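To begin, one chain is listed below as structure tokens, in the form predicted alone.
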């Protein structure tokens, strides 16, 4: 990353009116994504993720606010944005009876790629996504994972600065999912292509992205690096004792550094800003019980979202 913003929005808003009701699909979005980032745009289905992408690409008009992608205004210069930005929607289609090459050749013409560069770009893109062996195979013979990689090749022939991915691994089997994730990281690492990945699955963005924005009901409620999110949680303490009763739980909850206490089967899971094991030990023994296990474990990113932001992340 070089510190230069490739996406900037200011109070970006999209309002729909349905049956006399006002629905804020995206509500005053202030977002900055920097060149070279693997940015995860996380939120439940219907939270405004796809609407955000479509506004950034200039495919739908915002109700208010402003935004830029690669320095171009999303309203006045949307055609320029689509020259430097690739987009793979959740659902896409190819001409099934045409070959991989013929499909890409057709889309290259639509995108005004110079004729003398088309063949070279197509072969390069298919090599990147590991489909060179199927260059002349009809797309109807492709698996779902192969079609997803062909969609990625279709984006690459335009040599984009940024790629928007909307639920990119939906419907893929584990092997195809792992291969696609690997390709995304390769594009970022080797070609410095910025990735904007929209998903409702926390484990998806966790495995690909280095920075996450969390969208809820159209509003961006949290944005940070993965390390930053983990630091917000602090530590996780696991307690096993001879008898975990109501008094023990309430006493631990009253400690200043404790954020949350959960009873899981016969254990207590305590989320705290600092190491509170000594205080917990005193509470347990002071109430006439014995500590069996008292240890620290690293929290998961799912736990961070559940505890800090009140969501399970998808």
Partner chain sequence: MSTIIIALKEFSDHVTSRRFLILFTLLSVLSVLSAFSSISRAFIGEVKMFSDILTLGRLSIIYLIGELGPLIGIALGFDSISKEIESGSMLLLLSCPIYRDTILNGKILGGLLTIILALGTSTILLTGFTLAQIGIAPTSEEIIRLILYFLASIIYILSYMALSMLTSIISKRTSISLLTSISIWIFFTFIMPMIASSLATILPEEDIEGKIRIMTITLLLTPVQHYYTLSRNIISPKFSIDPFSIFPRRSIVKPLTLIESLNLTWPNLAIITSLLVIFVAASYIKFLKEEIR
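Source: prediction; values computed, not measured. Positions refer to the first chain, counted from 1.
We do not show the form predicted together with the partner chain, though everything after this point is about it.
- Although the partner is absent from this view, residue 111 contacts the partner chain in the model of the complex, with a non-hydrogen atom inside 4.5 angstroms.
- Under a 4.5 angstroms non-hydrogen atom cutoff, the partner chain in the model of the complex lacks residue 137 among its neighbouring residues.
- A residue is said to contact a partner when one of its heavy atoms sits within 4.5 Å of a partner heavy atom; residue 116 fails this definition for the partner chain in the model of the complex, lying far away.
- Not displayed here, the partner chain is kept clear of residue 133 by more than 4.5 Å at the level of heavy atoms in the model of the complex.
- Stretch-level contact analysis of 54-62, 251-259, 285-293, 29-37 against the partner chain in the model of the complex, using heavy atoms and a 4.5 Å limit, identifies 54-62.
- The listed set 234, 145, 160, 89 contains one residue whose heavy atoms approach the partner chain in the model of the complex to within 4.5 Å, identified as 89.
- In terms of contact with the partner chain in the model of the complex, the residue from 170, 178, 98, 221 that brings a heavy atom within 4.5 Å is 98.
- Heavy atoms of no residue among 186, 198 and 229 are located within 4.5 Å of the partner chain in the model of the complex.
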